[in-house]
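Shown here is one chain on its own, the form predicted alone, set out as structure tokens.
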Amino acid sequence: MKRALTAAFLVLVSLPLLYAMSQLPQHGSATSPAYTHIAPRYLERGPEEAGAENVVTDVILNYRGFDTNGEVTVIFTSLAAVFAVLLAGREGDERSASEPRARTTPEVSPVASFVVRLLSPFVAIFAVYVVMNGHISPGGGFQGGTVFGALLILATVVLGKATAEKLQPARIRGLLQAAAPLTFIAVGVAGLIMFGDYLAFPKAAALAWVRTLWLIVIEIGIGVGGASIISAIFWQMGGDR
């Protein structure tokens, strides 16, 4: 009886969903609103309305800013979850180990060490460039943060964790890891106070610089947070060993 009721409930719920799906435009149809209204609006008025010459940035950080705000929050929450699991596992290993394990650090080639030291400043500059120019060219916070996070991992493997951590001081590491959702919230609250809606951008042409500035601030927050999260997970997993 219980199974029959469950099956009947699922069928009852699926019927309106199936009906709604049948009313959707055919996939790829030229008459779909995505092609007739949305895409042209983004391409024609994106730079003017959203504040960035790069239409992808306009869409991600302005038109669908709520979605991206949720994404960066999920990423930070995932970091907290990974930390919780890894810390619990590490505490269990420490309690079960009768003798401390010997840590072995493989020797690093002098050539690899020299190349990493030589190229690291240029890689860091490139990461900053990608973040700061995401509103006018391909790139942005996610991409620049990934580049800098990879640099931190490379520096850890080749130069040691102590050297890599100098680029990310421990006293502010937690704040850096939360930079993406914090900057989104800050810009969102500023929009709420100044323009009446959370994450609202100014529409007046005279305030176009404010739209661009807010986009850059969000890009920086995403870049810093992304790099910190990538390196933090690597270090927590014992990537320095």
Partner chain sequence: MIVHLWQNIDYVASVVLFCIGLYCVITKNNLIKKFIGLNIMETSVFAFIVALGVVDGGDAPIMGAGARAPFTNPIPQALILTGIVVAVSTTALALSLVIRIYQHCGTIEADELREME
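Here the rigid core means the biggest group of C-alpha atoms that line up within 1.5 Å when the two forms are laid on top of each other. Only a predicted model underlies this, so the values are computations on that prediction, with no experimental measurement involved. Numbering follows the first chain given and starts at 1.
This next part talks about the form predicted in complex with its partner chain, which is not shown.
- Interface residue remark: P47 is counted as part of the site for its partner chain in the model of the complex, having a heavy atom within 4.5 Å.
- Not displayed here, its partner chain is kept clear of E165 by more than 4.5 Å at the level of heavy atoms in the model of the complex.
- Within this chain, N54 lines the site of its partner chain in the model of the complex, having a heavy atom no more than 4.5 Å away.
- When its partner chain is considered in the model of the complex, V123 lies well away from it, no heavy atom lying within 4.5 Å.
- Within 4.5 angstroms of its partner chain in the model of the complex, the stretch 45 to 84 places a non-hydrogen atom from each of P47, E53, N54, V55, V56, V59, I60, R64, D67, E71, V74, I75, S78, A81, V82, taken in sequence order.
- Core-superposed comparison between the shown form and the other one: CA of A30 displaced by 2 Å or more.
- Compared with the form shown here, the C-alpha atoms of G28 and S137 sit at least 3 Å closer together in the model of the complex.
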